[in-house]
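Heads up, the chain below is alone and in the form predicted alone; it's given as structure tokens.
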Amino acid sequence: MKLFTNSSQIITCNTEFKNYKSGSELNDIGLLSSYSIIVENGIIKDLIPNNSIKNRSDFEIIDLSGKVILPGLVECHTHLAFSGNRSDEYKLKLQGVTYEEIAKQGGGILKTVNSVKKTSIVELFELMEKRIKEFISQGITTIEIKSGYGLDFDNEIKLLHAIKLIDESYPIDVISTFLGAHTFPVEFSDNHDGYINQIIYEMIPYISKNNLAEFCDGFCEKTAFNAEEIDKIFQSAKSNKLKLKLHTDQFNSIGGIDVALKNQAISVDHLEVVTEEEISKLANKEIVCVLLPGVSFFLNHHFAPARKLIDANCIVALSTDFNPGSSHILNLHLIMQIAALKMKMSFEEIINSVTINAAKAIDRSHLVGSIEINKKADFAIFNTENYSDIFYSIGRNLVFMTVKNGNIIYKRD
């Protein structure tokens, strides 16, 4: 057995096994002082006061004096599987060219698609390795990765295989999401039904049969798929046993929320332009609202209304949306800091949003996201005595150690 002991603070994000937090619950982080965590076979066995430990020789001691323990952080929305570079587009954006204008000119997602088609699975794996290692160094122990830069059968499958290789090669949990409905490939710009049929009748059945993805996602937007098209794809995904997530209400509100609710999606992601009426539909529901402030920061776009969603008793999570075009930010701590500065979320709300609620957004909150007995011993251990320093130290990574299933998988030199 292992004993994680002597830390200054343990942030448990305890839910009493409800496994998510909404509304005012988000301000409760379950702070413990002078406690230790007992881990056996990679599982949290107990949390006990330090003064009740009778015989320390019974344990392998991990001394965390002067440190803060959080649940392992959860990255619930990333586009990690890509190649190529779009820094030229970022320059255009700073000059006032919009994301949608760049997309209409053949840039954006389609530029990355062209790069991925020229990239081998080995090269993709090597690119993703560097990104995964950086996320692990930030205390991330569970991550979702989407396809979506293939946009044809062969290249979507190539991306999903690369994601599977990462999962098999690294100790953190990798959740794979099929995002063939990211946008329409050039060859189907005038034949939307043709591409949708490929997704429905070729890609989804193959992906399901070969266990290449757990989730199916789509982009409901004026420059991508409309609500009716997403509904058709979701019907196929559900019949093939894939769970659902949806990009929606990023630039335009065109019915995505209704489709997500109708099809019992696990999460709706973005919500920068979500309306008051739609917020009322999401209120008190077990669908997670994944907010992506890095996109707003990167594009100089307005931020999702976090306060309104929390006040409506919605389940709010946060993620980087790391991708080559709209959020080239591979730093979850920076996202947390932006949420505090620009979305007026409290430190405590943010911590719950990158742990237990982020886990809920990928259907893992029964296993990870909080420090509770019988959950996985996944910890992000910060080199500070007070969790407020995580937010005060803008742009810095204070993680000292990352623990997955009770094993130290990263330790700062």
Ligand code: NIG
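As the structure is a prediction and not an experimental result, all values here were calculated from the model. All residue numbers are counted from 1 along the displayed sequence.
The following text describes the form predicted in complex with N-(iminomethyl)-L-glutamic acid (NIG), which does not appear among the structures shown.
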Triplet His77, Arg86 and Phe219 all within 4.5 Å of N-(iminomethyl)-L-glutamic acid (NIG) in the predicted bound form via a heavy atom: yes
4.5 Å heavy atom contact, Ile109 to N-(iminomethyl)-L-glutamic acid (NIG) in the predicted bound form: yes
Partner proximity in the predicted bound form: Tyr195 to N-(iminomethyl)-L-glutamic acid (NIG), non-hydrogen atom cutoff 4.5 Å: no
Close approach of Glu144 to N-(iminomethyl)-L-glutamic acid (NIG) in the predicted bound form, 4.5 Å, heavy atom: no
4.5 angstroms heavy atom contact with N-(iminomethyl)-L-glutamic acid (NIG) in the predicted bound form for Asn323: yes
Stretch in contact in the predicted bound form with N-(iminomethyl)-L-glutamic acid (NIG), which is absent here, among 282 to 290, 302 to 310, 325 to 333, 115 to 123 (heavy atoms within 4.5 Å): 325 to 333
Sole residue of Gln250, Ser319, Thr177, Ser267 within 4.5 Å of N-(iminomethyl)-L-glutamic acid (NIG) in the predicted bound form, by heavy atom: Gln250
Residue (of Phe184, Phe215, Tyr99, Phe234) lying close to N-(iminomethyl)-L-glutamic acid (NIG) in the predicted bound form, criterion heavy atoms within 4.5 Å: Tyr99
N-(iminomethyl)-L-glutamic acid (NIG) in the predicted bound form - contacting residues of 380 to 413, heavy atom within 4.5 Å: none
